[in-house]
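Next comes just one chain, in structure tokens: the form predicted alone.
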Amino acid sequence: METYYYSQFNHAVVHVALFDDVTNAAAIRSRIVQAARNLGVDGNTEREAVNFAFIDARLISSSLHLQTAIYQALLSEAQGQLRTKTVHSEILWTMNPTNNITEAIRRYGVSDESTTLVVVRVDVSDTPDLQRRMCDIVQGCMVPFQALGQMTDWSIIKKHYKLYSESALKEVQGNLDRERSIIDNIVVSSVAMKNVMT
């Protein structure tokens, strides 16, 4: 698990974990949906239990991509301009190239078929037993974040960002490393500019 500190945002602490071989994605998604519907004390308890951003790791092009989305979501929250209900769902919205919140959650959030997940928790202080809480929710193997590069599905990212006709990619066709670098630059720039454009 990695931890980032953002003193400029009320000393926010962000914990990020990468999971592989996830076997209970459908149960996680169902639990999130049910927590949103529950009322009262039980609903509050369950919402806190799943108070994370669950992101399909295949759609993250780099650590910078994820960190830029987190930063933009924190910025929106600090400015009182969240477009979604929570900072965690805002991270998903920020990653999506369009402004459709439902589409962002469907594309970037946990789906029934997800086998790799990035789990993000934004908090105002270090949360005790957070890693254990993540592992209680996600049935899978927590792996070092450096493994993300092996999970990224570049073809899906190109599809979501409509990059198949991008001239910069045509110029480097056949050079996989260069192509992925260009895609990552486009994706990170898009995330970084999203708050400016909307």
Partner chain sequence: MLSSLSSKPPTQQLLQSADLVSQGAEAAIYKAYLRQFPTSGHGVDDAAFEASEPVLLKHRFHKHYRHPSLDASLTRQRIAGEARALMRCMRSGVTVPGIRMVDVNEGVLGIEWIDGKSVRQLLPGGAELDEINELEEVDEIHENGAADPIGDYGVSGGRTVHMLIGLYSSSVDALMNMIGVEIAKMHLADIIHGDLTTSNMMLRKQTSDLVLIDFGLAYHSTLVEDKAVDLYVLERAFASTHPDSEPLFSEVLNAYEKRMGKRWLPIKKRLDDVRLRGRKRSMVG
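A quick note: this is a predicted structure, and the numbers were derived from the prediction, not measured. Residue numbers count along the first chain shown, from 1.
Omitted here: the form predicted in complex with the partner chain. The next part is about that form.
- Taken together, the three residues 30, 98 and 155 lack any non-hydrogen atom within 4.5 angstroms of the partner chain in the predicted bound form.
- Residue heavy atoms within 4.5 Å of the partner chain in the predicted bound form occur in exactly one stretch of 167-175, 40-48, 133-141, 147-155, and that stretch is 167-175.
- At the 4.5 Å threshold, heavy atoms of residue 163 reach the partner chain in the predicted bound form.
- Though the partner is left out of this view, residue 64 does reach within 4.5 Å of the partner chain in the predicted bound form, counting heavy atoms only.
- Although the partner is absent here, residue 24 is not a contact residue: none of its heavy atoms lies within 4.5 angstroms of the partner chain in the predicted bound form.
- None of the heavy atoms of residue 102 is located within 4.5 Å of the partner chain in the predicted bound form.
- Contacts between stretch 1-30 and the partner chain, counted in the predicted bound form as any heavy atom lying within 4.5 Å, involve 1, 2, 3, 4, 5, 6, 7, 8, 9, 10, 12, listed in sequence order.
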